[in-house]
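Only one chain is shown below, in structure tokens, and it's the form predicted alone.
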């Protein structure tokens, strides 16, 4: 059993933090105790309320309930419209990370302008993720916790799969035929 004082300390730490925190980071502030149980208790207490305690990428933070977020916007945020190239690049990075620029270009089938990655990094959705061991040591790219938070994902495992995309009507017939050929080719090799 965790004490009320400990749960309150965890709550205060998460509330006051400007960034989402991992349980280990919370423990640095509140000391020894079952931080994970305290977070679970708080998440249950805040479920369905005006603010919620949510996990994004293994890190916890308070956020306005999605159905009430519109009440707090004084000015409408200008919606950022990504170009088709930026959207495709973001999807490739999200599904294949860490990935190099050359790999992104190979999947897209066209050369990518430098500005495409810059736009995604300015948005805070993509970050450099080190270098690949090999010729030229190319820079690798990966998504960020801000990407997960913006798109309401707990982790990359929550990204939609082929069946989800097909059910939503987001795959055109050419993509679906190509995917089917890839499946058949993989089955023949087995």
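Positions refer to the first chain, counted from 1. Computed from a predicted model, the values in this text were never measured in an experiment.
The form predicted in complex with another copy of the chain exists for this protein as well; it is not shown, and the discussion that follows is about that form.
At a distance threshold of 4.5 angstroms between non-hydrogen atoms, residue 50 is in contact with another copy of the chain in the predicted complex. At a distance threshold of 4.5 angstroms between non-hydrogen atoms, residue 131 is out of contact with another copy of the chain in the predicted complex. By the criterion of a heavy atom within 4.5 Å, residue 42 is counted among the residues contacting another copy of the chain in the predicted complex. Proximity of residue 67 to another copy of the chain in the predicted complex: non-hydrogen atoms within 4.5 Å are present.
Contacts between 4 to 24 and another copy of the chain, taken as any heavy atom within 4.5 Å in the predicted complex, involve 8, 9, 11, 12, 13, 15, 16.
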